[in-house]
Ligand SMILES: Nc1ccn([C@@H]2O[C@H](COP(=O)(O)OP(=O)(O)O)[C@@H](O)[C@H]2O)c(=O)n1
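One chain is shown next in structure tokens, namely the form predicted alone.
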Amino acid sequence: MGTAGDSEKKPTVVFVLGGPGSGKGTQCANIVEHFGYTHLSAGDLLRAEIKSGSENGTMIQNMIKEGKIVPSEVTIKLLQKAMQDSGNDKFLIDGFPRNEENRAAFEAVTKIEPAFVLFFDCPEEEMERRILSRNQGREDDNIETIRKRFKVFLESSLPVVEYYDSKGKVQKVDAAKPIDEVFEVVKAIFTPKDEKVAV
């Protein structure tokens, strides 16, 4: 047993927020590859839980079917379990917190404050263009649906961004640029300050 402080070392958590089509999935994959983070997507964890056929999964499925929002605690428990199971101590949490209630619950339950929030800021027109060109006909990606998803994102997620911004914890990335340019900015954010030595 090391010193008493060891068990108290909290994992590093970065919340990744951005509207539909902001390219955050691609960038998360890059961060995982370059910086050794574990990428946890709240949506994927919920889907996996439903697939597993557990009692919890059935409950989640029914809530989604009824158009209800899955309680924060349920998503947070899945995130916590995934964090414990990963054996890692650095996490990108993607698509969560989706609203202020999620955010407050996450900090209350896990006692973890994110190191920062990586916010992929992308104009709506650009996201629409990307989503429409990427899918060639996934029916959930017609313009109305995209606008609805965008509106939900603005209404619920932006207050989360603003909250962390007031604490100086938001790293905003212009996500309208090409993928490799966006990653250059992301890389600079994740590179520890002391490693930025003049070349």
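In this text, rigid core is short for the largest set of C-alphas that superpose within 1.5 Å between two forms. In this text, all values refer to a predicted model and were calculated from it rather than measured experimentally. The numbering used is simple: start at 1 and walk along the sequence shown.
Below, we turn to the form predicted together with this ligand, even though it does not appear here.
Visitor: Would you please decide whether F96 lies within 4.5 angstroms of this ligand in the predicted bound form, comparing each non-hydrogen atom pair?
Guide: Yes, F96 lies within 4.5 Å of this ligand in the predicted bound form.
Visitor: Is K51 one of the residues lying within 4.5 Å of this ligand in the predicted bound form, judged by heavy atom distances?
Guide: K51: no, not in contact with this ligand in the predicted bound form.
Visitor: Whether G36 contacts this ligand in the predicted bound form should be assessed with a 4.5 Å heavy atom distance threshold; does it?
Guide: Looking in the predicted bound form, residue contacts with this ligand do not include G36, since no heavy atom lies within 4.5 Å.
Visitor: Would you classify R147 as touching this ligand in the predicted bound form, given a 4.5 Å non-hydrogen atom cut-off?
Guide: No, R147 is distant from the partner.
Visitor: Taking this ligand as it sits in the predicted bound form, which residues of 168-191 have a non-hydrogen atom within 4.5 Å of it? Please list them.
Guide: Residues within 4.5 Å: none.
Visitor: Does superposing the core leave L158 with a CA shift of 2 Å or more between this form and the one not shown?
Guide: It does not reach a 2 Å shift.
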